[in-house]
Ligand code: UGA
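What follows is a single chain, given as structure tokens, in the form predicted on its own.
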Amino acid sequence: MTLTLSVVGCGYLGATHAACMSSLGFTVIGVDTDPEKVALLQSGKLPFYEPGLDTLLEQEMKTGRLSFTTDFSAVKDADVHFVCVGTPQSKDGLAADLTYVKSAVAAIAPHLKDGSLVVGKSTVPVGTAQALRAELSKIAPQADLAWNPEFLREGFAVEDTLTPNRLVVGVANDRAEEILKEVYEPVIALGTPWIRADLPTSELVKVAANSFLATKISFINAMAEVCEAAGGDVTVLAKAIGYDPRIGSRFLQAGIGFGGGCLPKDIRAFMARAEELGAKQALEFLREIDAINLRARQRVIDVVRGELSQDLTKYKIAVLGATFKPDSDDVRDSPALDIAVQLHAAGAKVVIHDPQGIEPARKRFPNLDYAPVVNDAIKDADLILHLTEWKEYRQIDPAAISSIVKSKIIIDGRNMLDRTLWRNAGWKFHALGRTD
């Protein structure tokens, strides 16, 4: 029997999962409460930017296997239901807001058929899955619940769904695992490691991975601070320690820190949950990780003031990058956009360019200035800030733009530009963690 799947919540995670599961041959019904989003997806268009997903979505809509609706009763014939809704940070604290997860499960519960499996993919505090499974046993005892955390990297979402580096499933019985193995059979056949866990461990895997990644990023940014104080070079330091197989070289790129809709809120929610469990001290180090990350943004502003003046009201600053990372239009908790906002608040004239993030940034901060072309952003600028490592910024010819700017000063907040090239073109070049 070929399984029919539903995907509840058709944002970034849900739309990606729905299109990818359809490409594996399943009939997939995507359900969301937002009529505009559903209409856009049903027309084969994405409400966000993700490389390769637009083509895949358009292709899968043509097959007839994939559909989107606001009608939750449409899931009644589905065998497996993936819950892919958001878990934002609570407005009144660090904890995750589980409103959307609970609402999603409650919305599909009346339509679950005998033997169906609800599979959570959202990032939730440990203990959530067990609580939901207990609740489901009361309101829909004919169904079961498992957890299957996602590990998507924005910019690589299709690749990470269809060829992941591991599949983790939290299940309470063999039957749930067997169903998930049937869903992921084509992926498992590629040699993808399969990890069966209990429900709490499956929830912990995602937040533990994010916490470790955040720690590594903040560690190298802390080393950048020390290098600047000591006259060292953090890029050489990172290269040297990266050769140690116990450490590895990935994510040792000093810069303005991490952001986005996952890493910052996930580590904060992890801290909050640990405190609820009586294990607050075990994760106290994450508070400093968070603080180092936020301090990296302030360091950029300090460097700007050092290059220009404490009073920024007379200066134009061009900001290259608004998204938290390249190959995305995601500006949630973006260090680049946060720095731009702070400089604007300090009185500077800030003009922002980004290949994909201008409109999302404008929706959040309509009072900032944006330019669709790099040269328009940097025209008459007193200083350029490189804050998101888009490929096109690395391809800028510093000699060619020298006549456009007012002052040839650039701060590389991502340590990705060719310092020698810029300096040979007569630019004053500053990179975080490098003092020469």
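One rule holds for the numbers: they count along the sequence shown, beginning at 1. What you are looking at is a predicted structure, and each value in this text was computed from that prediction instead of being measured.
A second form of this protein, the form predicted in complex with the ligand, is not displayed here; the remarks below concern that form.
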> in the predicted complex, which of 107 to 115, 136 to 144, 300 to 308, 320 to 328 comes within 4.5 Å of the ligand (heavy atoms)?
Replying inline: 320 to 328
>> If the cut-off is 4.5 angstroms on heavy atoms, which of these, Lys239, Arg153, Arg287, Arg364, is the one near the ligand in the predicted complex?
In response: Arg153
> Which residue among Thr235, Gln130, Gln89, Asn210 has a heavy atom within 4.5 angstroms of the ligand in the predicted complex?
Replying inline: Asn210
> Can you check whether Glu203 is within 4.5 Å of the ligand in the predicted complex, heavy atom basis?
Replying inline: no
> Is there any non-hydrogen atom of Phe251 lying within 4.5 Å of the ligand in the predicted complex?
Replying inline: yes
> in the predicted complex, does Val75 have a heavy atom within 4.5 Å of the ligand?
Replying inline: no
> Leu199 near the ligand in the predicted complex, any heavy atom under 4.5 Å?
Replying inline: no
> So which bits of 405 to 429 sit within 4.5 Å of the ligand in the predicted complex, heavy atoms only?
Replying inline: Arg414
